[in-house]
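Given next, in structure tokens, is a single chain: the form predicted on its own.
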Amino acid sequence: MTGGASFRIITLPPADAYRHMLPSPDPESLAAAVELAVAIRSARLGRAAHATAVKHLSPRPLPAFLSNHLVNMYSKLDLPTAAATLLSLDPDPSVVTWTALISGSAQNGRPLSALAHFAAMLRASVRPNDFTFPSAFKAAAAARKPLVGRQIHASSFKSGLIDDAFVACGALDMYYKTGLTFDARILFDEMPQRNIVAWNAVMTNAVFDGRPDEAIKAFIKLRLHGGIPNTISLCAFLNACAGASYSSLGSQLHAFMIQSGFDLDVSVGNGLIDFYGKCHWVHEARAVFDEMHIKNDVSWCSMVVVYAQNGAEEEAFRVYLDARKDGIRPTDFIVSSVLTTCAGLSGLDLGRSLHAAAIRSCINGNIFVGSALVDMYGKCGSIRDAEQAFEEMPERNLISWNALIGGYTQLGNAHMALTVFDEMIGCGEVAPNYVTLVNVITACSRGGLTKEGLDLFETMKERFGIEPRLEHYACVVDLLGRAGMEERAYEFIKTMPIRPSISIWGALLGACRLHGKTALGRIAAHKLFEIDPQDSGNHVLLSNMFASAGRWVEATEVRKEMKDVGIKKGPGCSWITWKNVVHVFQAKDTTHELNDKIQAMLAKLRRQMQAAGYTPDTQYALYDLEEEEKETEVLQHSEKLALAFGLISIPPGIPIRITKNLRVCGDCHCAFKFISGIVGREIIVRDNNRFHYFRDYQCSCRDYW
């Protein structure tokens, strides 16, 4: 019976089962069994073959070729101790044996072991060959050891093997990956033969290092030298075009791919989908996807990401459902991608269903899926679920920690955000990055910890080596503005070493609106108009600021200016999901089929709130009306209509979750506190800024928002 056919029909047999299945104990047959063990990644089969060899070929030494096969097998299956032990038993190991050990260590993420074996081989006076050097270069690159890489380069130069194209490519890639770009360029210029692997090393590393223009120039030179690109070259070029926002250039390459027949390659198709998505050409990405004759899980995942990146979360989820219908099993990448769409939709129920799918597919322990779950639950306002998902992760990375800190930031729970931040630093697993500090300073801003936030900003470079970016400056302006220190925030902006952005002036204008600082608010607004004169949000915020201060003439003038220059304001709305149906409400909306019951519920709530001591805050009625009309208007805000629908439709005991595309107004915030106590319900509101948890006449923000 032949070894290949026999072994394939067995699934995880008991330890001694291979004894009866192995071929005759001649070295050639055993070597074939060892090769099969590597192919099907079966350590049991490999060990059984090794045991058979020892039993039948002892006391003679194992034949050299069989010993090489065994060392290679143990190395490739990531059994380094067995591989090293077997090599030590060989009285005269060849370069093939050493190379198998070095290659296996490098391929299995053990670069330091690979380098140690390489040094031991040199000490044993065994000369490396053209297969040894590429593995050694790979190990030096993975270990980030540029000095060792240079020494290996010198050794390959002395042996004359640096002229081999694959050895030279290994050295080239090593120099790029260890940050020695200048050395890499010199080596590339001196290469007598530049094959496609060398050109690809230049392009892919340039893209990886954030140098897209260099990758594009390399591709053009490749074509000018008569070189024929392969799929790796084309995908690198597309990534470079996406990174530099050269959408037209990338589309020209698409035409070249069609002419050359590369568009039929699934990897190239996936690269095109990714490129068009990053350039915000969603229609073109979908067209490529629909025209692909063969789609793999990467194709489906890429299309999900395109929609998610471009604010089309519902379409992203539809693609995921279509993928499941097409037989695509949930993978770590596609599930983590779809989870981000649930976060964008505030789709807690959808996220939970995906969590269940991840558990069924046994990928919930994957670090990418785990991080996406923490992020999804945090952004959907279910911090307890986020905490549990975080605690259940077998290992954590920076994204996991940032996601949990971000969840507390969304709630404005500055104390917990700082606690997790301190725990992250204390554990020593990861170092914070700029996103971490944006989250923590924002949490301090929303939680009223002004001093702590300022201290963190002022020491971030010294403590963590992180240069402040625009996002950090915007956080500080927001931090000072929320604390009522608008003038200090303005002085801070004037001393910034970088030009203030829309987010910075917007934070100042929002603070002025909150605290009624109309003079300074006008300055901030005009700065915003200079940067983006067509943004309706800034005009509306300025108008609302004047209206809240009772300066109706100025508020009307701003609205008139908007109308005169053709700036249209998008409608504010709130929505609530029940029984898989999204119910959307705008202010003073009477179109809902349950409008009569909604109005009756609002009238009932109004009487109960007034009896409990509630007084409508009519400064949030942004039109010049009589006081009684103002009270009626604030009662018809979109979030109150959504809440009334929720109280009518959702059974008691189930939290009511409302999402609003604008900041929740002060009167609705006060009213929701009263209603939560009156009806005994937990009400969760996500506005465009943060989450508010209302329960027992209180809000999680403690009225600091």
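Predicted model, so just to flag it, every value in this text is computed and none were measured. Throughout, we count residues from 1 along the sequence that is shown.
Keep in mind that the form predicted in complex with the DNA is not shown, yet the notes after this line are about it.
Quiz item: Is it true that Asn310, Glu315 and Ile328 each have at least one non-hydrogen atom within 4.5 Å of the DNA in the model of the complex?
Solution: Not one of the three qualifies.
Exercise. Note which of Leu354, Cys301, Val420, Leu479 lies within 4.5 Å of the DNA in the model of the complex, where distance is taken over heavy atoms; exactly one does.
Key: None of the others qualify; the residue that does is Cys301.
Self-check item: Heavy atom within 4.5 Å of the DNA in the model of the complex - residue from Leu449, Cys573, Met257, Ile232
Solution: Of the listed residues, the single hit is Ile232.
Quiz item: For Phe333, is any heavy atom within 4.5 Å of the DNA in the model of the complex, or not?
Solution: Contact with the DNA, yes.
Exercise. Report yes if any heavy atom of Ser638 sits within 4.5 Å of a heavy atom of the DNA in the model of the complex; otherwise report no.
Key: The answer is no: Ser638 has no heavy atom within 4.5 Å of the DNA.
Quiz item: Though only this chain appears here, would Thr659 touch the DNA in the model of the complex if you measure heavy atom gaps against 4.5 Å?
Solution: Thr659: no, not in contact with the DNA in the model of the complex.
Quiz prompt | Partner contact for Val96 in the model of the complex: the DNA, 4.5 angstroms, heavy atom | solution = Val96 belongs to the contact set for the DNA.
Exercise. Within 4.5 Å of the DNA in the model of the complex, counting heavy atoms only, one of 468 to 476, 195 to 203, 518 to 526, 425 to 433 shows up; tell me which.
Key: In the other structure, the partner sits against 195 to 203.
Quiz item: Who in 137 to 170 is close to the DNA in the model of the complex, meaning a heavy atom within 4.5 Å?
Solution: Contacts from 137 to 170: Lys138, Asp164, Ala165, Phe166, Cys169.
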